[in-house]
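For this one, two forms of the same chain are given in structure tokens, first as structure 1 and then as structure 2.
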Structure 1
């Protein structure tokens, strides 16, 4: 700690008090309720849940309030709280094909099987400031239909039925190929795809966005089509051994993206399409699409494709730097005292200068 700071522990307490005062802001302005953040800042709440790896809108909203809107600080708070929670078991894999859809689009099929559902989106807005919102004007009533009940088959399954899409085989939950848990075991390289996807789904959105953009600009030759982007509610269930059957205990909002990428084929398999995959808590389209693009870029080695120096294809680079809590922790630690280290550097520089001056005097 800053042992030389005047006041010591009292100074730290005062700093905390000042932070609380700054968080509250002008007391003449009504205090912001957690429920208001949850309902009206839903996309920020969803991001905190996704990167915090904990689905709880109320806690995510509280973290945003406590962090004064700093998303990464809010994620840090959620991650820290998550470590205190007991682990009762594992849920059964959710079935996104049974999703109650509020938004579903495809960039590959005009007449997508099951229909296109625009849902709540910024895609078709003019990006002009709406000053009516400053006056608290009520929104116009929505004409959008309620969530589409499942099941709604995935669009890429139609390509799979024609043999044009590479098949994906899920690991047997009861077999020897159980999916590793990134929250309980350290990340090791090379990392299997399930572990990579876990890292990407809780990765920093901005970092993934930059990597995904780089693949589109040629750093990884990853020209993808959005086969399907869907947002909706899925049921979460768990198998209870004492009962001998599954029970449904939650319903959560998810965003899922599947991209279609060309693959030239190999000696053992014909030319076909491959997919990139993204799945994120809440409504987070940009994150899900970015995740799908980076996932496909990281598959280059296993698909036998040429690998250059594209950052998005470097597994260790991507997975070692995508976590914003690790990144911010290492970055912000340099704010802490480094007196001894700096004094050593300072003495070294002075010594080098003295030596250089002595050599110059000898030369003269």
Structure 2
């Protein structure tokens, strides 16, 4: 006698128990503190904050611990938490020109006012496994210098002053009312650039990296130079109507990339450079550069460039597929039971084969 499978609830509870045990691993190894993850896995924390769209290093570190280091799972935990938070208002736009810089480089100028700062980068490390790290050796103290005083203007502003750089127009100067909110309104095409940038800054890093790379290899090529890449701390403030003035409520680490790209110019306007823009939570420069390249690729139509079938220039393609919480959820849902649909397909294919066999018999 056939007995239908029962006990889904017990199976789920048992699976959760096993997961908790597997997460902890060998109990003779000390438990990992959230603060250790926050401090020593900082770039993973930054990625979780960026793709989770929530700036909170402690929660991102907790999410990484809970997710056993699975970054997309950690992002998912943060997104699900974020969506339950009440909203008190919007900040005023941050001023990245006032950034307290920890890293700043330009590929277009050998030097610029404010100087180039390599900062804490992997760039010129030789990728040799450091066996001393395994022993937990404390690093030698790093050299220190006094911080650069005052604002450090963007390098591309020098091109702008000469009229060589296309200027950008804020949709709502000084305000935030007309800026769409991807998390509060469904995506609609065509999307305005602010909406595209919102989608890109929380997009999956790997997806953006591949798309950006594809533009470099000719699928929507637009000849990008890194005009400036800067990483540092900016102040976040909000205007509080009850008080009548702005209050500063946070200081956050951001990575900003501006690319310089060609533009053919038109009869009505002389040739100018154009810009791709990337801005990401934390120290996430691979993501910021990728974002700038994809942003620029998505401007192809607006700038009157030939549109081929390059994926990176296809707004609906990019924005519909860049979110790793959407894509991983839908991808993984195919492991859920589909036996009702499969049964329907099974019956159909048997029927089609019977039809075909019947036709063949009749023909013979």
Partner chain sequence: MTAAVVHGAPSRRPPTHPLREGAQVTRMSAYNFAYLDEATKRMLRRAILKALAIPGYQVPFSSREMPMPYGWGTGGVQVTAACLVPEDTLKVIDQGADDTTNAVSIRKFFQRVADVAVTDHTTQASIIQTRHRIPETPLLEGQILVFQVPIPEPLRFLEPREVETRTMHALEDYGLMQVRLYEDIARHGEIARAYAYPVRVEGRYIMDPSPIPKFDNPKLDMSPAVQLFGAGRECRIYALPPFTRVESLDFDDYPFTATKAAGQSCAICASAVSYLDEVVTDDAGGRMFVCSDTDYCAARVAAKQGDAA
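From a predicted model like this one, the values you see are computed outputs, not experimental measurements. Basically, rigid core = biggest C-alpha set you can superpose within 1.5 Å across the two forms. Numbering follows the first chain given and starts at 1.
A.B. asks: Pick one: is 1 or 2 the form predicted in complex with the partner chain?
C.D. replies: Only structure 2 matches the form predicted in complex with the partner chain.
A.B. asks: Taking 2 Å as the cut-off, check whether the CA of residue 22 shifts that much or more between the two structures after a rigid core fit.
C.D. replies: It does not reach a 2 Å shift.
A.B. asks: Taking 2 Å as the cut-off, check whether the CA of residue 340 shifts that much or more between the two structures after a rigid core fit.
C.D. replies: Result for residue 340: no, shift under 2 Å.
A.B. asks: Once both forms share the same rigid core frame, by what distance in Å has the CA of residue 351 shifted between the two structures?
C.D. replies: Displacement of the alpha carbon, after core fit: 2.8 Å.
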